[in-house]
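Here you'll find one protein chain in two forms, each presented separately as C-alpha cells under the names structure 1 and structure 2.
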Structure 1
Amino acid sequence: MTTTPKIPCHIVAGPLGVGKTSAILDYLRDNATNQRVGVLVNDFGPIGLDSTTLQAEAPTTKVLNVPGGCICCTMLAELPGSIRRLVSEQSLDRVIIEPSGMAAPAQVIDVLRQAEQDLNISLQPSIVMLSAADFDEETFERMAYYHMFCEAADVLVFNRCDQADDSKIKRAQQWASQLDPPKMRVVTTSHGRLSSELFDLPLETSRAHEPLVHTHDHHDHQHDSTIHPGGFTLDAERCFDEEVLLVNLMRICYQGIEQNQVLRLKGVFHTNDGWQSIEIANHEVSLRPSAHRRDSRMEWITQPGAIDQARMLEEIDRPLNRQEIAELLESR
C-alpha cells in the first residue's frame, strides 16, 4: 500500500508589523519555482491586505485568506477546514501559515497537532519573529504578550536589525540565549530575509538519554562535587495527569529521593489541563500556563547523589497515595 507523504506545515508568527509577510515572500521568491507552496494568511483586518500582497508578488502560489479577526479566537475552529481546502485544491509540497499578530501561536499549534493525521500534514518547527528595533529586556520580561510568542517559538528570529544598533542586537541575542525552554535557533536578520534551511529543520524529538543542562544556567554550587544536575525530554504526545504530576513533583522536592535532596526542579509538561510550566525551589511552587509545545522537559539539581532520568520518571508517574498527600500537606 502506497502512503502519501505528509505535507510539511510551518507557522510563521509574531507581533503586528514585525515582518512575517516579508519573510514568507522572501521564501517564495527563492523556492516557489521548484516547490508548490500553499499559504494560509490570517489578516487582522477584514480586507486581507497581507494575502493580497502575497498573491500579487507570488502569483504561482496558492494563497488562502482567513480575514477579519484572530486565527486563535473566532477563526480557530475553521483552521482545519481552511487547510483542507488549501491542500485539496492543489497538490502541495509545503504549507505556510501566517497567523495574525494578535494570535496566540500555541493555540494554533495545538489545533494543527490534533489534526495532523486527518489533514496529512507534518507540523514543523515554529518560526516566531520579533523586532530587534523594539527590543527591551524589561518590557519583554514583563509583558505576557511577548512571553506568548517566545515560549511558542522553536526558531526565534530578531528582524529589523538594520534599525537597531549593535549593542541592542547583542543584548537581544544574549537575552534569547537564556530563554527556557531553549530555542533550536536564534536568528538575526533584516527585511524578513530568512535562510531556506530554517524551513527544513527537523522538529526535535525526545532525547531520553541526553541530560538537559543549559550552558548558560550557572549555579552557585557549580564547583561542588556533591551537586548533580539532571534532565530529560519527552515527546509532545506524552500527556501527564496534572494532579498526579504536581503532587509527585512536590513530594519529590519536599521529601527527596533515596536520601538525595532535590534542591530545585523546573519543567514544561503537556498535561490533561493543557501545557504547564512548573518550577519548585525552596519549597515554593510556581505553576502557570506555557506556550511551549515542542516537547515536555524537566531539569533538576540534587545533592549529594545523582538521580538518573529513568528513576525520576518513575517517581513522577507514581500513583497517588492519599495518606501520603495528607502528610505532605501537613509538612508544608
Structure 2
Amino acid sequence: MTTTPKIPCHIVAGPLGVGKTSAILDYLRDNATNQRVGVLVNDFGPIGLDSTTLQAEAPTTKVLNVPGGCICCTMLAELPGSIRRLVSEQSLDRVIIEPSGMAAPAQVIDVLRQAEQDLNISLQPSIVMLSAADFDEETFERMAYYHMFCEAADVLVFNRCDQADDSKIKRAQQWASQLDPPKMRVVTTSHGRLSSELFDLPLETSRAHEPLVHTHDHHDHQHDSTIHPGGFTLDAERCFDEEVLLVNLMRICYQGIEQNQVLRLKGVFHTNDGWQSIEIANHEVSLRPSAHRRDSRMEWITQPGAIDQARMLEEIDRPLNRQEIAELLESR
C-alpha cells in the first residue's frame, strides 16, 4: 500500500476563448511561488501556444501540452498517460487540466475518475467557465451545448462580465442558482480572475465522486469535420512589421480568407515593436506584449475549409494597400 498523499487535480473547462487559460494564469500568478503546480493543456492547434504562454509567464510551473490536431478524441485517450508523465517528472502539489474547448467536460471527468486511483490523484470540484456576454435564458435552456457545460460544473463561472450589462449578469446568476442539482458555487468575474479559494473547496461537498447525470451520451459529442486547425513556427530572427500584422489580422478576422471564417487565432511574433502576442477571439483582434520570445509562432482554426501554413503566412504578412485599409475601416 502506498501512503503518498494524493495530488489534487482540477479541471478548468469551457468553450474556446472563454477565459480558461487566463484563469489558470491568474491562479499561477498568485500561487506558483508557494506550491509546485503542473498544468496540462490541450490546445486547439498543433503548436501548443497556450502551454507556451503559460510556461513563459509562469516559469516555475511544469507545463505539458497534449497536442491538439484531432482535438477532443486524442486528448481523452492520451490524458492518463500525460498526467502520469507530468507527475512522475517531479513531485507536484497540484495539477490543473485545461481541456480543449471542443471536449465534452463530462467525458474528461469520467476519464479522470477512472484513472484517479492508478495515478494517485484526487479529482477536485470542476470549474466550468461560460461567457456572461453570451447568456440568454432561452438559448441556455434550449441548447444541448450549454447543458453539456453546466451539468459538468461543480463551480460555474460566468466570465467576461466586463462585456455584459448588469441586468444580464443578474439574470445569469438567477438562472444558475436554480440549476438542479445545485452548483457548489456560481461565480461572476472578468479576465478569469478567480478567488484561489475555489481551488481549495472541500471535496466532501463536491459532486465529483458521484456519477454525473448524463443526459447526453457519448454519441452526442461528434467531431466537427468542418473545423480545421493549423499552425507554424518561424525563426526568432525574422522580424514582422507590427502595423502590417495588425491590419492583416483585422482583415482576416472580419472578412475571413476566401469563404473561410477564422474562428480563433493566436500567435506570438517578433515585430519592429518587440515581441507581441496577437489573438482573434470572439470576433475581436487583440495585441499585447508577450513574455515568450523564443520563436514566432501562430495557430488558428478555420471553418469550413482548412488554410495551410504558406497561405496563412502570406495573408498576415501581405503588404498594405491604402484602399484596402480604407475599406476595412469602413466595413467596421
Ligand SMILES: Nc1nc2c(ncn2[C@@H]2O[C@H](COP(=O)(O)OP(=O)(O)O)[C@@H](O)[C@H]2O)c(=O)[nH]1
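These numbers were taken from a predicted model, which means no experiment stands behind them. By convention here, residues take numbers in order along the sequence of structure 1, the first being 1. What we label the rigid core is the largest C-alpha set whose atoms superpose within 1.5 Å from one form to the other.
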Handout entry: Which of the two shown is the form predicted together with this ligand
Key = 2
Problem - Large Cα move at Cys239 between the two structures, threshold 2 Å, rigid core - result: yes
Problem - Asn282 C-alpha moves between the two structures by 2 Å or more, core aligned - result: yes
Practice task
Note yes or no: does the Cα of Leu28 move by 2 Å or more between the two structures after the core is superposed?
Solution key: no
